[in-house]
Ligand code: NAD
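Only one chain is shown below, in structure tokens, and it's the form predicted alone.
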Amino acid sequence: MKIGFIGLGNMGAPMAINLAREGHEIKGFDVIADVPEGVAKAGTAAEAAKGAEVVITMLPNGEILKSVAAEILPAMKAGAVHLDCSTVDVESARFVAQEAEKAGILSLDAPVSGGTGGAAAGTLTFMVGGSAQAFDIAKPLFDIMGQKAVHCGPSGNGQAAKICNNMILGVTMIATCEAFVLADKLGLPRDKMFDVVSTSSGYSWVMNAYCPAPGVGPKSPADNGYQPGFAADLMLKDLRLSQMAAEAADADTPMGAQAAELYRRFVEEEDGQGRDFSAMLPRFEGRHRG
């Protein structure tokens, strides 16, 4: 396929490289990042989109997505697919889908899970909202960039799935870190804690695949000084999106709200900026009840 790719940062660049390696013709644009090897450079987002069968965007937030969409949709040919892999608020995703429909463009919101490692390895999970027709066109690209793509329903449902998933992730990480610190103070060794919980009812992806305690379980960012695999800043962004959605939908999410506030403090008032979201564990280690 002829593919335009807009947003070639830590996630977008390896995704574009994987597509290029499979023989797709990629024309890329980014306002800051360099265009990776194997990707032709476009001078503007509209130039990257012109003539493409699929235009992929990987952008920081909903306002930027809406701005880029306003630039690329008029440049795209009728029947092409706008595949947005950004994580943004549901309302922005649905607005862009409506604008695409007006322009005769098919659209998908397809945020990802798997981080930079998954982007490089081609093992991302895509949570996809939009029409079945658009999903079928993009499916071969999902198969290259990821290990799974779930069609979640109409436009916006991909973003809904992503923020619900990451609200669970943020809350679970906090609870796991709290439990390790409680175990420490009760004299329970961390390796014993892991052995019990990882095979008991406290089992979770956080504990079993991304353990926040260094030297325990499979290798994780905790074993690399909490250098980010998934940054606390990004978790805060996703938790804020979950609370925006909860407010709009009149959903009661007290644990999600508390997780958002804890990550806000961690990132904005403490030392969480630029650290992995599992660095909540050392945050709790030096604290006392109350």
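Worth saying up front: this structure is predicted, and the values here are computed from it rather than measured. For every residue, the number given is its place in the sequence shown, counted from 1.
Omitted from view is the form predicted in complex with the named molecule, to which the following refers.
Quick check on Met11: any heavy atom within 4.5 Å of the named molecule in the model of the complex? The answer is yes: Met11 has a heavy atom within 4.5 Å of the named molecule.
Report yes if any heavy atom of Pro60 sits within 4.5 Å of a heavy atom of the named molecule in the model of the complex; otherwise report no. Contact check for Pro60: yes, within 4.5 Å of the named molecule in the model of the complex.
Test of understanding: in the model of the complex, would Gly156 fall inside 4.5 Å of the named molecule by heavy atoms? No, Gly156 stays farther than 4.5 Å from the named molecule in the model of the complex.
State yes or no: in the model of the complex, is some non-hydrogen atom of Lys162 no more than 4.5 angstroms from a non-hydrogen atom of the named molecule? Close contact exists here: in the model of the complex, Lys162 approaches the named molecule to within 4.5 Å, heavy atoms only.
One residue of Met255, Ala33, Ala40, Met244 in contact with the named molecule, assessed in the model of the complex (non-hydrogen atom, 4.5 angstroms): Flagged contact: Ala33.
Mind telling me which stretch in 173-181, 107-115, 190-198, 211-219 gets its heavy atoms within 4.5 Å of the named molecule in the model of the complex? That would be 107-115.
Does the named molecule, in the model of the complex, lie within 4.5 angstroms of each residue among Leu169, Val267 and Ser278, using heavy atoms as the measure? Contact check failed for every one of Leu169, Val267 and Ser278.
Pull the contact list for 60-84: residues with a heavy atom within 4.5 Å of the named molecule in the model of the complex, in sequence order. If the 4.5 Å heavy-atom criterion is applied to the named molecule in the model of the complex, 60-84 yields Pro60, Ile64, Val68.
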